[in-house]
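Here's a solo chain for you in structure tokens, the form predicted alone.
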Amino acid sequence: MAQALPTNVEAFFDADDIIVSKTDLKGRITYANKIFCDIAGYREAELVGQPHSIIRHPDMPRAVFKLLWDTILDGREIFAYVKNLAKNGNFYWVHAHVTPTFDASRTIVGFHSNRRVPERRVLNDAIIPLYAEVLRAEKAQVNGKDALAAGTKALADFVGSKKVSYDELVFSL
């Protein structure tokens, strides 16, 4: 399914709403709640079976997703701010809580994400400028491997400059 070209139009969802999705180990959507479908502009049948990256906005640095995947594949939860792309090209921001799903023997069998409305102050003052800098580092490279390494370094350098862990940084914003 082809993604729409991004617009500069931001979509919003209610602060009381929670966007919920579940994926398999490869990141393919196995469940999408109505709020997710509504804000993303897809029917549930269009989302289920698709890679979660169907809503990946090109303004999102790859390094953020590397951190997310590294964390959840290690069996840990992560909180992250994410700019998503709706089917019509509009975008929406979320504060995501992503966790691995375990079976009875503690084997990871999938992933679960709850997303809420982020605080606008946090986006404007911290996240948008940080992601723009990380994306600039990535785009300055000629190949994907170097781009990911440069973005990861830029993100790690920023977090390190605050003398806190990534988790501590996210919760301090």
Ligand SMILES: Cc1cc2nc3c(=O)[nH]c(=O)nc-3n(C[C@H](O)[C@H](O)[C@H](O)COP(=O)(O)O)c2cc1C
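Keep in mind that this is a model prediction, so the values were computed, not measured. Each residue number is its position in the shown sequence, starting from 1.
Beyond the structure shown, there is the form predicted together with the named molecule, which is absent from this document and is the topic of what follows.
Contact check for A137: no non-hydrogen atom falls within 4.5 Å of the named molecule in the predicted complex. With a 4.5 Å cutoff on heavy atoms, S53 counts as touching the named molecule in the predicted complex. The named molecule is not shown here, but in the predicted complex it comes within 4.5 Å of a heavy atom of I72. Not displayed here, the named molecule is approached by V82 to within 4.5 Å at the level of heavy atoms in the predicted complex. Note on the interface: of 137-145, 108-116, 41-49, 122-130, the segment with non-hydrogen atoms within 4.5 angstroms of the named molecule in the predicted complex is 108-116. Shown without its partner, the chain has V98 as the single residue in segment 90-109 with a non-hydrogen atom within 4.5 angstroms of the named molecule in the predicted complex.
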